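This text opens with one protein chain seen in two forms, each one given by itself as structure tokens under the names structure 1 and structure 2.
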Structure 1
């Protein structure tokens, strides 16, 4: 990973840097797998090595492949980076030793998550219990951030269409060869099926709304790359994505409101079911579905926007 990062810094070929960053993300996903952080590895592989690489390639089409050579030394940015780096390194001196069993994180909430989540939440995957229940506020904020970021990109490069103006023409189907078309027709259903498995198996094993949303979007992005954005838009219209992206956030937040109306606290799922554990299962299912809707819709909508931007050039 360090060697790859050094090559990214040194090269002025932005296409090579983009592909190296994808390789860096794939190496990161492998590292997370070695550390038994499979949920994070799913996200890193799908977002870092997959969707982010596609979006950066779209950006290169609009900006150019090679970075301009600076005409004079950039001393001020260098000083800012050095000062910021020195401050961060200085701050690490107060951190506890990495992996030490006596660290505060291992003595505070982690023991409760590991020892009591089975009885309180009733699902085997502790990661899902933490993200969707114990830290439900954090995950709601992350979902809102994804939606807000997508909305910001849409306003920047898409913009509001004037009344009566024609919608931008998306990129036509690329001249993909027969092998790509045939292989993708077999591959896309498998990706979709795996995404649904990750979504509904997140309580029992690695997975959840974030991972499933990106995987489902990746299948449609593959279709967009091979068959063209026009055909993909016929399958999933852009107008539908504009509804599903905020709907996911509303579903997540509405689940918390339902708990309030039933006499509990916000994002407290216990009142949603006949038993507290049953309420947790239903609440986690609803919020994970909301996360998947927002993430998948936002990712695919970004690709639509970039494809339209490239087509207008």
Structure 2
């Protein structure tokens, strides 16, 4: 893994670096699996190897593939890095060893999640419980961050009128690769189904709104890659996405407000249902829907924006 990382940094061919970054991402996701973080692995793979690779490729088309040979002195950064590293290593000597069950991390706060969430929230995936309910406010913030990014990118590179059919790059329909087209046609519905499965299965197994959002978006990204952005835009117009992304945040926030109006604190789902657990269920369902809505529309919107911008060049 270190080797991959080093190579990513060393090479001046940014395309290779990007591809290897994708591999590195898959590798780290594998490591996350080994360390029992299934949900994290899920997300890292979807985001690191999927979305950010694609976005980086777009940026590379726009910005050129090769890096100049560095001209400035390299010892100063090296020094900074080494100093930081030394400080960190020094700091780890008093850390409790990895994996020991007696570590403070496992003694305080977390046990409650593991022991009580079954009764309090009633869904097996503790990560989802904590994510959507105990620390639901963080997740609202996270959704807002995604929305902010989409908004920011749109402010920066969006809203261009395309001028005629200027030599489209990446956004173009490829010169009819039949096999790819046919297989994609089969796959896209399957991927969409899988996305829905992940969305609604998130309470039982790994997954949830965010991952589902990325998967749903990636189905359309495949479509975009294979059939060209113009065709995808006809299915899912950009204006729709620009409405859906804020709506997701509002759905999440609105669920919280509903709890507020029904007499609880903000994001308290208990009052939503007849029984507290039922309320939690409903709340988490709605909240995850909001996340999926924002994430999938934002991710697709990002791809549209980059594709259009790159095509203009």
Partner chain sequence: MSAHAQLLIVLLPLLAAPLAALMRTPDAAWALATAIAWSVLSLALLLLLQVQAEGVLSYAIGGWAAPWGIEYRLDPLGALLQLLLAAVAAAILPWTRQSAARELERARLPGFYAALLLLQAGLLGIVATGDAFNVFVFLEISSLSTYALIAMGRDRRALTAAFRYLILGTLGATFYLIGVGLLYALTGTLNMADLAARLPAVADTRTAHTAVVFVTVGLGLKLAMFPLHAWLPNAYAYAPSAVTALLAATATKVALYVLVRFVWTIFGAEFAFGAIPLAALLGVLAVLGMLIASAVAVRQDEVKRLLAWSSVAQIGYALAGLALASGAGLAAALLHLANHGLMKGALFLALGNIAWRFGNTRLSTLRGLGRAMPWTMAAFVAGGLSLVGVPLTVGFVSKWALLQAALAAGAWWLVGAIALASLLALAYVWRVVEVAYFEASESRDLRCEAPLGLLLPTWLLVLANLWLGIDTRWTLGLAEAAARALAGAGL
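Numbering follows the first chain given and starts at 1. We call the rigid core whatever largest set of C-alpha positions still superposes within 1.5 Å between the two forms. Because the structure is a prediction, the values reported are computed rather than measured.
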Pick out the form predicted alone: structure 1 or structure 2.
1
Once both forms sit on the same rigid core, is the C-alpha displacement of residue 111 at or above 2 Å between structures 1 and 2?
no
Given the rigid core as reference frame, how large is the C-alpha shift of residue 93 between structures 1 and 2? Answer in angstrom.
5.3
